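A single chain comes next, written as structure tokens; it is the form predicted on its own.
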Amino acid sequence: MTRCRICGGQVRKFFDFGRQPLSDDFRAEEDVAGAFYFQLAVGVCASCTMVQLLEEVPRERMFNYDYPYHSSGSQRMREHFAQTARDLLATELTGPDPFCVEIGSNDGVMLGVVKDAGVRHLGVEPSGGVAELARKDGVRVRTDFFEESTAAQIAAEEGHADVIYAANTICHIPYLDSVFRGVDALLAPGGVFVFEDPYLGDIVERHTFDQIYDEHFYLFTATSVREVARRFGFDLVDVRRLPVHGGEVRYTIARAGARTPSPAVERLVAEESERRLHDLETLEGLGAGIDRICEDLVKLLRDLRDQGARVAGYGATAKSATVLNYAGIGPDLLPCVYDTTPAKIGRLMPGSHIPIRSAAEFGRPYPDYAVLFAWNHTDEILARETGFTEQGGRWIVYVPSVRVL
């Protein structure tokens, strides 16, 4: 693909990770032959500045009943979503009968707080397994993909939404034109569309390149989000930097002219311009950093193996598929990865086929070194696994550079 999904402009490729598996395709050993692969390459639009993947993976392959990620799986994220819900309840869901819709509501961790406040709500979640978990907690969920037709049906059945919210979801959706037309159909005249996703500025600054994988079709900036919003009769009225998941931005969208944009919007847009964040040269610099990190990580793992050290991975994350497969790291360098997610335990890492073991077995016995793939939950993991370092274990991290802690 050489044409932008947003504006039709020319997309210039700045990095190619080669053939990659689906990042959440954790298969049993006997099923690896049927795995789906695609070309993971990323480029930037010369016209509207949107950074995007060059190949689209069919949505049903990624977001289905067996989708393994649970938004409530981390204590830090549970607290984050609870506070988000409280903020929305205090500022936007204040009318006589407010209505909140969440796109990609997952297991209902945010909407559960809205429900407990007695506010009318609806989650739109295509992955049936996590949707069922939300329903068991009393959250109203429609198992479906959010697009123009879905939004029109919700508006006809439920009325207009005062808030449409999404976390780590909008960047997953290649067809943003349909999403914004759906928001136009569903959002109340004075309502807001609020979403938070990984921020390209943080990815470039911190070299968190493993944020680039099949689900993350877009890597947003304030500049590119404002551009796409304006194309559909909206405007970007606020931005807020968030410390979660390695650095995100929360974008607040309103109908054009309905609200005065916060000064924070222009400040972030100006900062992105000053950093030349969308320039091909800047993004190719990120690519050079990716190659350096992968080379350094492989060298370290080979040296440790040759020294007879016991090494494992920690955190069978979706993003680890990118680094493992691009760097060519397999069971010969990393015999296993430990994780806390029941659906992943006993299966293999996508593409690299490294076995996944329960984190409960991490200390039986502890390895000498552990590669921390779930680096976005570093504080939580280190607090939980104090026994590892107390017995001499050392963590290996690879962003923004490879080092042993």
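Residue numbers run from 1 along the displayed sequence. Everything numeric in this text was worked out from a predicted model, so none of it was measured.
A second form of this protein, the form predicted in complex with S-adenosylmethionine (SAM), is not displayed here; the remarks below concern that form.
Enquirer: Does T322 reach S-adenosylmethionine (SAM) in the predicted complex, with heavy atoms at most 4.5 Å apart?
Expert: Outside the cut-off, so no.
Enquirer: Is there a heavy atom of Y69 no more than 4.5 Å from a heavy atom of S-adenosylmethionine (SAM) in the predicted complex?
Expert: Because a heavy atom of Y69 falls inside 4.5 Å of S-adenosylmethionine (SAM) in the predicted complex, the answer is yes.
Enquirer: So in the predicted complex, does R135 come within 4.5 Å of S-adenosylmethionine (SAM), heavy atom to heavy atom?
Expert: Contact check for R135: no, nothing within 4.5 Å of S-adenosylmethionine (SAM) in the predicted complex.
Enquirer: Is there a heavy atom of D238 lying 4.5 Å or less from a heavy atom of S-adenosylmethionine (SAM) in the predicted complex?
Expert: Outside the cut-off, so no.
Enquirer: Counting only non-hydrogen atoms, which stretch in 282-290, 162-170, 221-229, 257-265 is within 4.5 Å of S-adenosylmethionine (SAM) in the predicted complex?
Expert: Correct option: 162-170.
Enquirer: Are all three residues E148, S178 and F195 in contact with S-adenosylmethionine (SAM) in the predicted complex, where contact means a non-hydrogen atom within 4.5 Å?
Expert: Not a single listed residue reaches S-adenosylmethionine (SAM) in the predicted complex, so no.
Enquirer: What is the one choice in D144, D184, E272, D202 with a heavy atom within 4.5 Å of S-adenosylmethionine (SAM) in the predicted complex?
Expert: Selected residue: D144.
Enquirer: Which pick from P98, G191, G112, P126 sits with a heavy atom within 4.5 Å of S-adenosylmethionine (SAM) in the predicted complex?
Expert: By the 4.5 Å heavy-atom cutoff, the listed residue in contact is P126.
Enquirer: Under the 4.5 Å heavy atom criterion, name the residues of 88-126 that approach S-adenosylmethionine (SAM) in the predicted complex, in sequence order.
Expert: The stretch 88-126, when checked against S-adenosylmethionine (SAM) in the predicted complex, contributes E102, I103, G104, N106, V124, E125, P126 at the 4.5 Å heavy-atom cut-off.
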